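The chain below stands alone and is given as structure tokens, in the form predicted on its own.
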């Protein structure tokens, strides 16, 4: 089991994402990095963030940030720790989570909406990591 959030979890996510042919196909024309922000909730008392450099169906880099302001990104996907836990546990769909207000997106929403299959593959990949939540 790998603790979420941690650099070890993010490293496994990157590795699995780069092996996921369905994600590669769905995101083959995607260009843009993401900041994934976990807002305080439950055991998380300070904002936590991780960053992914996503490019043409591959994750070129991924890291847990010391601070959410350490990196800027083209897109930010933000939600509480409890909602991240539900997302990784397949209780919330990434797009329905946006529409239902459990998550917020900053960046070009129209671009993201063209890549809903890629977003679902990102989450599907995350669900394959044996995750230990705080």
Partner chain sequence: MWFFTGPKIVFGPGSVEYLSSLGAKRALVVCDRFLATNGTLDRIKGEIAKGGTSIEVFAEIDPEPLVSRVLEGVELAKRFGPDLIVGLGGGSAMDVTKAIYALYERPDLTVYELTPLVDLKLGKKARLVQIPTTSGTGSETTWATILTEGEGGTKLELAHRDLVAEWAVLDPTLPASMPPKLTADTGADALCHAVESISSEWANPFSDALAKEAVHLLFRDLPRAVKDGSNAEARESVHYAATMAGLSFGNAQVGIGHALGHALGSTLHIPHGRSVGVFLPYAVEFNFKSAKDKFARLAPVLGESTTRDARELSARIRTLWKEIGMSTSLRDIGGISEEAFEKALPEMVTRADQSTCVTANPRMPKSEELTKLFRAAWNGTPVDF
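Nothing here was measured: the structure is a model prediction, and the numbers come from that model. Positions refer to the first chain, counted from 1.
Keep in mind that the form predicted together with the partner chain is not shown, yet the notes after this line are about it.
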query: Every residue of 95, 109 and 114 near the partner chain in the predicted bound form, heavy atom within 4.5 Å; finding: yes
query: The partner chain: the contacting residue among 105, 65, 44, 88 in the predicted bound form [heavy atom, 4.5 Å]; finding: 105
query: Exercise: residue 40 in contact with the partner chain in the predicted bound form, heavy atom 4.5 Å; finding: no
query: The partner chain contact at residue 22 in the predicted bound form, heavy atom, 4.5 Å; finding: yes
query: Distance check, residue 69 to the partner chain in the predicted bound form, heavy atom within 4.5 Å; finding: no
query: The partner chain contact in the predicted bound form: residue 120, any heavy atom under 4.5 Å; finding: yes
query: Within 23 to 41, the residues that have a heavy atom no more than 4.5 Å from the partner chain in the predicted bound form; finding: 25, 28, 29
